[in-house]
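Let's start with one chain on its own, the form predicted on its own, as structure tokens.
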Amino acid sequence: MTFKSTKSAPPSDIRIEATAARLERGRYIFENLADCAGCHSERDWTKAGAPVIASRTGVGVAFPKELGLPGDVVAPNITPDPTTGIGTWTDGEKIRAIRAGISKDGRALFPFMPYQGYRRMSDEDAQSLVVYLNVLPPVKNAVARTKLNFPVNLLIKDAPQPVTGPVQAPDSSNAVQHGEYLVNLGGCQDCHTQQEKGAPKEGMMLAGGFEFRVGQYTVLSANITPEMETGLGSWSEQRFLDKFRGYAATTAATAPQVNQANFTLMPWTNLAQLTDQDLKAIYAFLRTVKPVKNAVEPHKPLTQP
């Protein structure tokens, strides 16, 4: 089934067939690959990695002011609660929000929700994600709407774009193409690329150095280009896999207390559950991007704004 979105008309009242395969694929995307839970859930910021509080998955949160966003940016409640969540949304309206960036009421979503990348999400993956959203436990939790500063509140009206025609995932046997698709869904470029005036800094794609601040802690994203000295150029495929697998046994209960030396927004424990095939594909794609020499000290002492 192909879904077409426009800014003027919401999708028809459709319902996606829920299969066991779609449910599992949707869970994998939500919890691991795209880490939807990481933005839309309450998290325990006293622990390294700020694990999601299981009972508060999908309830919506306001992003910390320290992130420097242009206004009050809020990830909405995406549980099926009918009054404070998305329980009254059709499946088509959910897909339109995910891939086109348009809310049920026609509002343009702030692109901190990476719908501009999700436009490339395949039809099957989008449907699977919605199937999983539909089975989240409904939680009544009212959150404020995003309120953006001028002129961003006007500029984002042109950010949503309709998705027309079928969208297919690349052949998973082509590791590089499959890896590019996964990197896009994982939003790696959004965190690992410095920004300038809200856009990726020219020539710095995936070169790291994007600073994130939450509370008293700060971290800079790593350079993941294949540059030999400052990136991942010297990393073997096995070293890459081992880095992720090192977090496979970490849980919300076993995560250490957070401090400046271990503070991170990288969802290691979730990404550690990706399949070997997917991690190898991500590695294969990252080997093909332009190497950029950019030394990054991830846990430098907090600087004052």
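Everything quoted here is computed from the prediction, not taken from an experiment. Start at 1 and count along the sequence shown; that's the residue number.
FYI, the form predicted together with a small molecule isn't displayed, but the following is about it.
When the small molecule is considered in the predicted complex, Thr146 lines it closely, a heavy atom lying within 4.5 Å.
In the predicted complex, at least one heavy atom of Cys191 sits within 4.5 Å of a heavy atom of the small molecule.
Taking the partner from elsewhere, Ile282 is found to have a heavy atom lying within 4.5 Å of the small molecule in the predicted complex.
The small molecule is not shown here, and in the predicted complex it never comes within 4.5 Å of any heavy atom of Glu66.
Annotation: in the predicted complex, residues Val52, Val258 and Ala295 none come within 4.5 Å of the small molecule through any heavy atom.
Residue Val73 is the only one of Val167, Met204, Ala159, Val73 with a heavy atom lying within 4.5 Å of the small molecule in the predicted complex. Site annotation in the predicted complex: the residue of Val152, Val139, Val219, Ala175 reaching within 4.5 Å of the small molecule with a heavy atom is Val219.
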